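Next up is one chain by itself, shown in structure tokens, the form predicted on its own.
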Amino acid sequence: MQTMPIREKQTTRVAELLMCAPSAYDLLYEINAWMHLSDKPDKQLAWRQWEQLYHTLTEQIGIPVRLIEQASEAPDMVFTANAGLPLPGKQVVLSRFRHPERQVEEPYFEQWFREQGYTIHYMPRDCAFEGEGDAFLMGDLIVAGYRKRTDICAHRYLSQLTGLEVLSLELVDDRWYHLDTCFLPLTDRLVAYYPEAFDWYARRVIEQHFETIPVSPEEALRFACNSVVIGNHVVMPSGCPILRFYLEERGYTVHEVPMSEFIKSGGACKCLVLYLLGE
């Protein structure tokens, strides 16, 4: 495999976002600890919550948002963070979803990236990988979760492809099945995270590599870590005053958006957004 060029110690710059309006969003199966067929989302309320997130990003923050149309047979396609991992130079590593219920999304995301002129990289067929849900490009590092939805083999592939070090973090609680549900990169060296989502070794790795803001259990359950960071703006689910205080103390402008109907499927602000990188 040829290693793609990535400048050493670059700062990751988000230029645009990819979102998917919830035209076919629903809860039709149970593939994570948050999903219960007895507690389905209110689809009209979900629309309003998605629109508030969209308008916060585009109007209040001013970040361009690209849209992909939701396929009728893909109720979770709204969670575009799981489409893949965009890389510098208009490249993307496409996801290989663990569950058949989400594998139906793969050709739609592949088509979208191809139409936008991306160079597409594929995981080996037997290696599960769920994109930016489980991997963040943080300067000269890739920080990646594994065990629940992504296999450790995906980390080796990412390292070989990019030439970057991958910090592998084991997720041990079924509620925190993706890295982006419990780990929030604020800068390349500052993160907020929920310690109990990780095994002891992963917690040690995080503390050794980053300045950290621990998130309380109560706010972790409100998906505080599943926030969108654009420069000094943070868009987070409503009801997380402690993390909001710590962020505002550090100079961040915090925007709160209600996410109740998406949390029923195990996602919130960041799950609904994929970072598209600048050149």
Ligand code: ARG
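One-based numbering along the sequence shown. Please read these numbers as outputs of a predicted model, since none were measured by experiment.
Just so it is clear, the following notes concern the form predicted in complex with this ligand, a form of the same protein that is not shown.
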Contact flag, residue 129 vs this ligand in the predicted bound form, heavy atom cut 4.5 Å: no
Contact flag, residue 177 vs this ligand in the predicted bound form, heavy atom cut 4.5 Å: yes
Non-hydrogen atom contact residue 150 with this ligand in the predicted bound form at 4.5 angstroms: no
Non-hydrogen atom contact residue 63 with this ligand in the predicted bound form at 4.5 angstroms: no
The single option of 81, 154, 197, 202 touching this ligand in the predicted bound form, heavy atom within 4.5 Å: 81
Residue among 52, 238, 32, 70 with a heavy atom within 4.5 Å of this ligand in the predicted bound form: 32
Interface stretch in the predicted bound form with this ligand - options 178-186, 161-169, 139-147, 106-114, non-hydrogen atom within 4.5 Å: 178-186
Those residues of 253-278 which, in the predicted bound form, come within 4.5 Å of this ligand by heavy atom: 265, 266, 267, 271
